[in-house]
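Same chain, two forms, each on its own as structure tokens: structure 1, then structure 2.
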Structure 1
């Protein structure tokens, strides 16, 4: 819609808005000009109509109508590099008044968002810590990782299964490969498979997701090759069952009852079937080591399993078992980053409570 105005014309009766300014909105991708003004002092104003004209145009375009208490508008339809001039038409029930036009303004994209400087600094510090500790681990320095009882029991559980001549059952959760918990479960599977290859212990890995099944098979195959036992790898030890949640749970329960594995690993993402799996495994007398970041399922695993990896312990498990420098460096870098964030929170809280400094100004 167009409104032809000569801005020299002001309908009598009310005071116009004043101080109209236009400028490129900072820290954006362009195509936006920020328009501000001082509201009319008249109480009868019902709203403001924002007007715009491009360089060389005669007529003014009506961009929008805003409420009486609004004094800012972002023109997101501007073309980068084109100059625009803005005016504000104050409107009452019976009159209207046009403001003086703003200076010319043009929008342009910015390559850097200065409002995210804090995030940039944090990312650089986080990256530095990971690289630093990775080099520390590669140089032979022993990096401390808190003892995790469930992972310390892996060697013992595998040895028990070997002595009893019974298999190991490994369930990599029921979620897809897009789930972080599934990736963590597959990392742990690789370390467990290396130990089963070393001890000659049968391994059973049922899968619900076809892609997870394919990846799990390659992980186990690579683990057997790394352990120097590629001949011991049997493709049938990793197999696909079904994508139906409770049909899969029933199939795994059947494996537990029939094969009576000495150790059950329940790692990854689980839902309502978690207690069914854990209780069935417990009834067979197997040693059970579970791990998940699903908060709602942790109580069931803690109750029915011998050891449970809680939350981030699941992510740290592969580094804990393998002592791979890159993984250890990532774990230590994350720990120190969390410590740094905690320290900043404490400092900010103290400054807020004692000096009244806004936290947003601190960070």
Structure 2
């Protein structure tokens, strides 16, 4: 077949593609061979057909047809360890011309993705800083953490609810347990529940995700036990509502209007329902403390809530509320990492703009 195609080249006089190369794609899990070629100089070419044959096979198989401006193809159907040879057939309206075949190539899976080295080094430095400051905190060193208005207001908001004899509503976001924001929300819930247990304030925790519901129930139960009020824990204070986004929003709105909580906590991940919840809460006169890492929802919370934890403040909240030295140490490590990144950005910008050093390529 290869000879027949070569003959066609001669007859039609079409220039074939040249310089066909085949090599294992680096940094992947195998099964992929990268094929590249230099396009035919012929103007009449309409596309290229990529041909492949396995070691020992006589026939060439057609893998795909690509457009005339394409000079690269990833064969993702290669069997690891099997050697393949590739050729490219330039096709015009009237004829076809085949290239010289590539060298033999085989795919194999890699154990390390070198493209992620920068991220790995950054993560290791970050981990070191967190561990270092955690040990510093453990050794008794006093760490300064800036005040966060929204979290300072928690105690006051709980006291208000107790005085008014109204419940506290805690919404742990609408995302699943796989979302770190949800875990942060559950950590804050534990601290809030300890305080409601201490003050004897009713707590309402409606949930959208069944796993989040089970974890939230355990968190609240344990918080009541650790506050010395296991008798005050009512399993019905944490309940599952629905996994439908707007049905959940309607249910929580209903709770806000019927139960008139004195304080609403909206913590975790939110989507379009954020404003529906926050505006309904504001209309009932409740003190509202929100916290999310969803940048798109932050303006709604800032507008409709009394206090908003912006982005990372959500993650720092449980440490801030618990005053646990080990957790505060981790926040310190986080702050130093930010300082490091800021320094790198400034130095990189100066180097790139003044000396033309391609700093951006390092990352």
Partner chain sequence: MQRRLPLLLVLVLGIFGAAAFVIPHPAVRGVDEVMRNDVIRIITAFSLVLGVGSIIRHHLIKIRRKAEHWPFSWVTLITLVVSAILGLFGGIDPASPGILFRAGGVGRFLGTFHIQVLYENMMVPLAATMFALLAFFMASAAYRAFRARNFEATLLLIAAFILMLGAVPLGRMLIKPLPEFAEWILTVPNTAAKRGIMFGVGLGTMATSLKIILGIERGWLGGGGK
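So that the term is clear: the rigid core is the largest set of C-alpha atoms that superpose within 1.5 Å between two forms. Positions refer to the first chain, counted from 1. None of these values were measured; they are calculated from a predicted model.
**Student:** Assuming the other structure does not fit, state which one is the form predicted alone.
**Tutor:** Pick structure 1; the other is not the form predicted alone.
**Student:** Going by the rigid parts that rotate relative to each other between structure 1 and structure 2, point to the one of 221, 46, 259, 145 at the hinge.
**Tutor:** In this comparison, the hinge residue comes out as 145.
**Student:** Look at the chain as two rigid parts and give the angle between structure 1 and structure 2 through which the smaller one rotates, in °.
**Tutor:** That works out to a rotation of 18 degrees.
**Student:** Rigid core superposed, residue 139 Cα shift between structure 1 and structure 2 in Å?
**Tutor:** The shift comes out to 3.3 Å.
**Student:** Please give the CA displacement of residue 85 between structure 1 and structure 2, in Å, after core superposition.
**Tutor:** Value for residue 85 between structure 1 and structure 2: 15.6 Å of C-alpha shift.
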